[in-house]
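Next up: just one chain, as structure tokens, the form predicted on its own.
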Amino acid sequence: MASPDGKHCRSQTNGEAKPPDSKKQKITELITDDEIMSEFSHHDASVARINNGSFGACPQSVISAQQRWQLRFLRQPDSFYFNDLKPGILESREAIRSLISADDVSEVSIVDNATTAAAIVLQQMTWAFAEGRFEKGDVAVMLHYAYGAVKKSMEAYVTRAGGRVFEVQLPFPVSSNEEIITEFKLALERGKVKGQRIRLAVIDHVTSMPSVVIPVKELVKICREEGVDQVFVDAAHGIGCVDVDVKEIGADFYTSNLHKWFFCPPSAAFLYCRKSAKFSDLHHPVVSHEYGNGLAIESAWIGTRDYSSQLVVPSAVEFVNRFKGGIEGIKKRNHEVVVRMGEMLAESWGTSLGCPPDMCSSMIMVGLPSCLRITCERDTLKLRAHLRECYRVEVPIYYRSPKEGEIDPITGYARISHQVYNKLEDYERFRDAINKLVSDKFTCPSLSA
């Protein structure tokens, strides 16, 4: 096995180095509160950072492991390339395979981020249209709340190739999974109305803005019943945030970032591709010397670059295992605390949550007072900047268009996150900032553009 401090292992199996013996587990003591503070001491202590969902956070121990990998490459790049990189990436892939309950490590590729994974999956659709395997007008379905970059990828790879893209309109606020399931079924029916086939469904596991946990297993099952060719679950917020068992979920493809909720440095993500002959034509968008050797091998070398963020997955596993219950314990505590914080904020502001607690993960949407007069997306950006610059609070804001006839509607929602480094004072600072804005009769239109 190659490690930043260890010896080389050059034994090969099907062109890949053998992964380490997973039975040899390192016994570690549970992390203390002081050690957690030390691990994240590089954070700006003057900021209430309640936006882990956007960029994640990396502890100092994992950063140190990353730096050792970087120095190992810089000391002797040739030795690193020939002896260390492949077995190191394979060890990370094996760790991911175990975390997501995949059958085989060959089903797991490491890529830069979930956007790269989306490009890999959608790229094959472009070829299918070009080669006549799909007909012009065949359909790809995605949720209306899909991530913006994924929507752009649909435009770039599907629409330009001659496909139709159908968006599933989801309600927000949302009160139950049944609302989402009903709208999804209706969208599939509309997608097939002209007799074209639905070739792909893109389903978020946790939508970004607004943030809601989607009943992915149920939606995948519906796709199978309705004859959808392929199902891709975009779980940018998945690993470390919600339960991930790819066999139970049953999708053909599943991607998740490792730098959002699994403590890796940016950027690192995985793409799971269920083993099937019809998915053999998946390729990394960057063509390198490894083209044709399978997606996992292609993704492990796309040219000279810094691979350290992908090599520290075992170090991230060591970090989460220092917490009671490991990653499961972290997820449970994050969920419980973010719900409490959301309820505290909503009570203070006289508003409500955007969904029931069982439909949120480590993030939750909290309604902002309507008197702030959030009337468009530009207002959300202005308010967010104002909170950052004047109150040292970092939190994303979502604009919700009011429905016809609504009286004094909540049009702005804050998406708060909770991660192990957060403290009660972070949320109290946000609460007090909004309460001061309200008492000062502040409105978003009063801010300059």
Partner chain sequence: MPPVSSGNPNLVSHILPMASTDAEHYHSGTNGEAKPPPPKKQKLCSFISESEIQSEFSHHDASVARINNGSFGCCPQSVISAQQQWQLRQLRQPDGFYFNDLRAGILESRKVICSLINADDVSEVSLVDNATTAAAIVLQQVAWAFSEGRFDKGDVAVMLHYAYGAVKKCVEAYVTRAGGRVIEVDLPFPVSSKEEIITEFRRSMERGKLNGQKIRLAVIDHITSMPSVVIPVKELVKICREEGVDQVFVDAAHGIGCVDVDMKEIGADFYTSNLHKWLFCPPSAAFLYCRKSAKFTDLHHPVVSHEYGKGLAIESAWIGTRDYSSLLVVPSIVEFLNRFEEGIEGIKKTNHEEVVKMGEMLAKSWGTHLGCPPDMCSSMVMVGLPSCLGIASDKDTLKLRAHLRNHFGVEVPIYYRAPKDGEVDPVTGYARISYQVYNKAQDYERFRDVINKFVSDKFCCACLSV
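Positions refer to the first chain, counted from 1. Because the structure is a prediction, the values reported are computed rather than measured.
Below, we turn to the form predicted together with its partner chain, even though it does not appear here.
Undergrad: Find out whether any non-hydrogen atom of residue 283 is located within 4.5 angstroms of its partner chain in the predicted bound form, and reply yes or no.
TA: Yes, contact at 4.5 Å.
Undergrad: In the predicted bound form, does residue 51 come within 4.5 Å of its partner chain, counting heavy atoms only?
TA: Yes.
Undergrad: Spell out, yes or no, whether the shortest heavy atom distance between residue 157 and its partner chain in the predicted bound form is within 4.5 Å.
TA: Yes, residue 157 sits close enough to its partner chain in the predicted bound form that at least one of its heavy atoms falls within 4.5 Å.
Undergrad: Is the gap between residue 78 and its partner chain in the predicted bound form 4.5 Å or less for some heavy atom pair?
TA: Yes, residue 78 is a contact residue.
Undergrad: Tell me which stretch of 89-97, 200-208, 216-224, 302-310 has a heavy atom within 4.5 angstroms of its partner chain in the predicted bound form.
TA: The contacting stretch here is 302-310.
Undergrad: 73, 131 and 152 - do all three of these have some heavy atom no more than 4.5 Å from its partner chain in the predicted bound form?
TA: Spot residues vs its partner chain: full contact, yes.
Undergrad: Just one of 126, 321, 177, 348 has a heavy atom within 4.5 angstroms of its partner chain in the predicted bound form, so which one?
TA: Result of the distance check: 126.
Undergrad: Among 194, 275, 144, 289, which has any heavy atom within 4.5 Å of its partner chain in the predicted bound form?
TA: Result of the distance check: 289.
Undergrad: What residues of 394-419, in sequence order, lie within 4.5 Å of its partner chain in the predicted bound form by heavy atom?
TA: Sequence-ordered list has one entry, 394.
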